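Okay, so here's just one chain, in structure tokens, the form predicted alone.
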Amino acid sequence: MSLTEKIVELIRETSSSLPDDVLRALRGALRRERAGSSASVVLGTILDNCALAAKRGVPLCQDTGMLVFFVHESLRRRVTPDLLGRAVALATERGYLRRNTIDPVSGKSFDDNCAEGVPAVRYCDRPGVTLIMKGGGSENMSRQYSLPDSSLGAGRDLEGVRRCLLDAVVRAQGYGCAPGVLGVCIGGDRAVGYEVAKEQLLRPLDASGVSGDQKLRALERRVLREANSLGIGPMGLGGGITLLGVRIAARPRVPASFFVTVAYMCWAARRRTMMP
């Protein structure tokens, strides 16, 4: 199989099958909701949909999202933006991706999902090639705060960060297709904040994905617990599980700025890695 075909298969698998840790989190959420409740029905439907999509090899959500590839630096000459673009075009032609790329000025559709900067490619130190597919509904619920924020009573400390994260969850309600995942960056500049926050969505939802920093790990646990006490629930219809996970990183900032950036991911946390 050619490298291009391997990338096409990565796209198909990412689009049609959730990672095992995400499926375990959804099943755990279903067990915690009251049988017969709206939350239970929604989660059951989500899991049935996931099983059917994986069995048929078809997209598990109609919004196949913005594709971001994280490629190890050593593969820069092999896994080029041109090669990834060809793979995306083939995947679109075969029905693994929706025609999902629009020119913001003319309104024209790029029917092969290829344009300047699309698909997005990040060369980094992550092994292999990792693809994340983030739908527009969840992307709309992402946001950035600048501390201090008097409207939230949030100062420039971890308590202020906590208030921002819970505010983001309340503002999202069910619009981002809860239960969701928060990827968070504390600090950095505005651009770095969004990039690092989205990268946190690549971390597993099980114990292997928690922060290595004790204070951030404690904050992840607290925000998850408090968010799940808000009663928002799956799709905002009520219930005990509003978030599946919280993943937080920190980056240095300048004295004048203190940003808290939230990348919200829906329950369809589509990510997958391949080794070329």
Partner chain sequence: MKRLTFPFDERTVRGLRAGDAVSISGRIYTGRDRFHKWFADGKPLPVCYRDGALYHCGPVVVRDEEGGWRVMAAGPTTSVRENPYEPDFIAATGVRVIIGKGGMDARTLAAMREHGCVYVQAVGGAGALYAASVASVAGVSLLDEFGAAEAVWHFDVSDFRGVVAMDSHGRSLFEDVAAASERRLASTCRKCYTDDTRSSAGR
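Quantities reported herein were computed from a predicted structural model and do not represent experimental measurements. Numbering follows the first chain given and starts at 1.
Omitted from view is the form predicted together with the partner chain, to which the following refers.
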item: Site test, Ser74, Arg86 and Tyr123 vs the partner chain in the predicted bound form, non-hydrogen atom cutoff 4.5 Å; value: no
item: Among 169 to 177, 142 to 150, 125 to 133, 182 to 190, the region lying within 4.5 Å of the partner chain in the predicted bound form by heavy atom distance; value: 169 to 177
item: Contact label in the predicted bound form: Gly238 to the partner chain, heavy atom within 4.5 Å; value: yes
item: Distance check, Ala53 to the partner chain in the predicted bound form, heavy atom within 4.5 Å; value: yes
item: Contact label in the predicted bound form: Ala218 to the partner chain, heavy atom within 4.5 Å; value: yes
item: Partner contact for Gly28 in the predicted bound form: the partner chain, 4.5 angstroms, heavy atom; value: no
item: Sequence-ordered residues of 252 to 274 touching the partner chain in the predicted bound form, heavy atom within 4.5 Å; value: Trp267
